[in-house]
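Take a look at this one chain, the form predicted alone, written out in structure tokens.
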């Protein structure tokens, strides 16, 4: 198995892409610390993984709190003895016209999406350096290639995540550590459900998105888990500082297609 006996932290593991990552990691032999704020949902994910024969624990944590992150990392070490992989997936989405945004709107996105990535990574670095090995996969977004109106804080946070990834990849490559990003496109998560629920014409909505994703469909959380597992594995041993687009070709298409 690709991740056999590796210990992985997956943040934001109570829903969406985080669930897909945690499930695939467990299938591929990893011991998984499923980290999230929502206890009931997170414990449900862990029960499902265990029912399938996987090894997982739930750790409640607000990744924007330094004390909570430090405690979470220690709990992971207490449970599994080490940490090999950190997946920074926890994040919040946000859409509002820029002139209507408040400072608290901006801060909320930055605190979870970017500060959380910083805090979790920093908390693991010393352990990685002692081990002489460590691997961080940051879940960014296709918004690091192209943007939509009303998403300035989200885009800024995700671009910051990519910048930090590349900086750390260069800084720690000689010490055996790797840092990469995975940038999902439109995935079958709550965001996709919200898009469909908010559409005036569902059929037109579906046709629009299928036309503007070259592969003609949204991605699945399992596909994101598989892509993340690749970056976290020794199969990607010569890859660091990369931002892998997992978007069905969305960011490679030059212009929007008519429907």
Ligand SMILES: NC(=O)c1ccc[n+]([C@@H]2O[C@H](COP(=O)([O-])OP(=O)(O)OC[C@H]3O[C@@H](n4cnc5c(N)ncnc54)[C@H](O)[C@@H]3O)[C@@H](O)[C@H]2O)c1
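None of the values given here were measured: they were computed from a predicted structure. Positions refer to the first chain, counted from 1.
The same protein also exists as the form predicted in complex with the ligand; that form is not shown, yet it is the one meant from here on.
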| item | value |
| --- | --- |
| Candidate from 101, 156, 173, 92 lying within 4.5 Å of the ligand in the predicted complex - any heavy atom | 92 |
| Contact assignment for the ligand in the predicted complex, among 187, 119, 151, 162, heavy atom within 4.5 Å | 187 |
| Distance check, residue 14 to the ligand in the predicted complex, heavy atom within 4.5 Å | yes |
| Partner proximity in the predicted complex: residue 33 to the ligand, non-hydrogen atom cutoff 4.5 Å | no |
| Touches the ligand in the predicted complex: residue 37 (any heavy atom, 4.5 Å) | yes |
| Exercise: residue 181 in contact with the ligand in the predicted complex, heavy atom 4.5 Å | no |
| Stretch in contact, per heavy atom within 4.5 angstroms of the ligand in the predicted complex, of 70-78, 83-91, 125-133, 162-170 | 83-91 |
| The ligand in the predicted complex reached by all of 28, 51 and 229, non-hydrogen atom within 4.5 Å | no |
